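Alright, two takes on the same chain below, each alone as structure tokens: structure 1 and structure 2.
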Structure 1
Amino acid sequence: MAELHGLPPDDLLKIYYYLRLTRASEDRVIKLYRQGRVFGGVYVSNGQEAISVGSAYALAPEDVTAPSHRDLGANYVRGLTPREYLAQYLGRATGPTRGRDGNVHYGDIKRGILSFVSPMADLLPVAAGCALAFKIRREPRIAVGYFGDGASSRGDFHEAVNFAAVLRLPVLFICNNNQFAYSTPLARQMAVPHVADRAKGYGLPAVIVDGNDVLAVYTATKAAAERARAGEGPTLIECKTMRMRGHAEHDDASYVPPQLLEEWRAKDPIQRLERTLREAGILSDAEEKRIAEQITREVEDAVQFAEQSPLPDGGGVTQGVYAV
């Protein structure tokens, strides 16, 4: 069978699996939220799964990611399980935060996943700090900081990018440009047409990628990672996409023009990869059915696991809490 973007068929099918697992997991959590079974809000990456999956698949196991609230796919690629994801959203003691949080503020340092911080762009200086540590220790590792278009208008973004550029740190800044910063359209929060344009002011290279093409995201990330690992410094990767749901499930996104959603629905990243794999003879009807059934089993098993898991014991609320 043919390779695509240097990836053999087994890897291409894994990427397809991660895209569908991410979509199925988040769709299931949305249903649980509508049934009143989720504590707190729900944030999903519907329509932009290719950015997190494609970029994370290009990394090495020893690298570090600083994901945002729409990067479940990256967490899955790095080893998070559907059981952990569902237990987190249902606030159970078996979730990554052991019930201390009900949605996306989790991480796992053993898997190189930094915990998400709600104020957008706050994790970018942390990613740059990790990259500085790797450089000082002479370790061939890189850090990846994910952010949205709205976050690029905050001071944290500019401080992190400038710091990384000056010190030529091994860090990638990956932008999920999904056209809306909560309810603010792109043109109302930045005067340049592309987030990538902002990199020029700090002297670091930037590339613009079709964020709904998972293989394009993979290839751009792999090239930037090799550049960073070779000591050539950071890269900003702007992935153009569209947020297909509200900022969170409590937001009906009525401010988004319907025709814009229709335009981007035709570019769905999962359907695009599926067409590509079928045309290349890599994905058959039988293989598609096998993957779909596997994902259904995994997600339903995760729901049952989460619902049968205990709620947190209040007596342990101070465990793992530190003050500085």
Structure 2
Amino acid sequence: MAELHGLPPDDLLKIYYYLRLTRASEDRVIKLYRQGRVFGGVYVSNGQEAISVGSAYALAPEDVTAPSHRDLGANYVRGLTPREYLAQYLGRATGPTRGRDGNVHYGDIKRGILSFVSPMADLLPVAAGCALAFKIRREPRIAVGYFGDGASSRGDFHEAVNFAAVLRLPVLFICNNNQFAYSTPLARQMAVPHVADRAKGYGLPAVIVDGNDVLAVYTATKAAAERARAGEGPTLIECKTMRMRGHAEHDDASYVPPQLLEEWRAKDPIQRLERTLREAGILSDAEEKRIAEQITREVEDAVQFAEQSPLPDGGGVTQGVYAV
């Protein structure tokens, strides 16, 4: 059967599975939120799953990612389970932060996922520091820092990119440019047309990719990763996409022009890959059905697991401030 972008059918189907698992998980959490069963806010990556999934799929297990708040897809690719994801949203003791933190603020160092922190762009210098450790120890590993167009206005983004460029660190900076930061459109975020333009002054290559084309994201990341692993330093990858829902689920995004959403709905990354795979004879109706059923099972199992998991014991609130 056909290979696409150097990927055999098995991998292509896995990528398709991760895209759909991400959307299904987030849709399920939205439903729980509407039912009042989630503590706090809900942040999803609807419409931009291809960025996380495509880029993370190009990494090696020993690499490290610093996810942002719309990177569930990358976390899944790196081994996070739907059970952990749901337990995190429901504030359970079985979640990755054991209820210490909520919703998208988690990670798992054992699987090379740094734990997302709220201040936008804060993990970009941290990702550079991971890469610094790899460089000092001469390990062929890379670090990836994810961020949004809004985050690219922060000093920490600029400091991280410059620091990494000067020290030629094996780190990738992957931007989801979804054209809005909360309600703020791109034109209020920067006076240049592309986030990639912001890299020019720092002397590192920046590439622009169609963020709704998962295979294009995969290919661009693969190339940048190889470059970084060869000691040639960091790359910035700007993935153009559109945020298809509100900033969070409490936000109806009435400030987004409806026709813009219509335009982008036609470019949905999951449907797009599905069409490609069907045309190449890689995805059959039967296979599609099998994947859909598997995902439904996994997500429902995760909801059950999370709901049956205990909440953390309030008595432990002062424990673990310090490592011993």
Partner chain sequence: MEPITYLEAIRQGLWEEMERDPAVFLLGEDIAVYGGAFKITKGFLEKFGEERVIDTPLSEAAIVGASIGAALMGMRPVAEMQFADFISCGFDQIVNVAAKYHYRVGTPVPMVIRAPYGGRLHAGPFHSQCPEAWFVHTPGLKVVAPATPEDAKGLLKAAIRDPNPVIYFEHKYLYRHEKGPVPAGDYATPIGVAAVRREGRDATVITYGAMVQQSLEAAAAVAKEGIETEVLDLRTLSPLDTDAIVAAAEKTGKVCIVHEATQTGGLGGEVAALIAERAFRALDAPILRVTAPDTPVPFSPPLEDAYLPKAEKIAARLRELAAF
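This is a predicted model, so every value here is computed, not measured. Each form is matched to the other, and the largest set of C-alpha atoms that superpose within 1.5 Å is called the rigid core. Here, a residue number simply tells you its place in the sequence of structure 1, counted from 1.
> Tell me which of the two, 1 or 2, is the form predicted alone.
Structure 1 is the matching one, since it is the form predicted alone.
> Is there a C-alpha shift of 2 Å or more at Pro310 between structures 1 and 2 once the rigid core is superposed?
Pro310: C-alpha displaced by less than 2 Å between structures 1 and 2.
> How much does the C-alpha of Gln319 move between structures 1 and 2, in Å, when the core is lined up?
Its C-alpha position differs by 3.5 Å.
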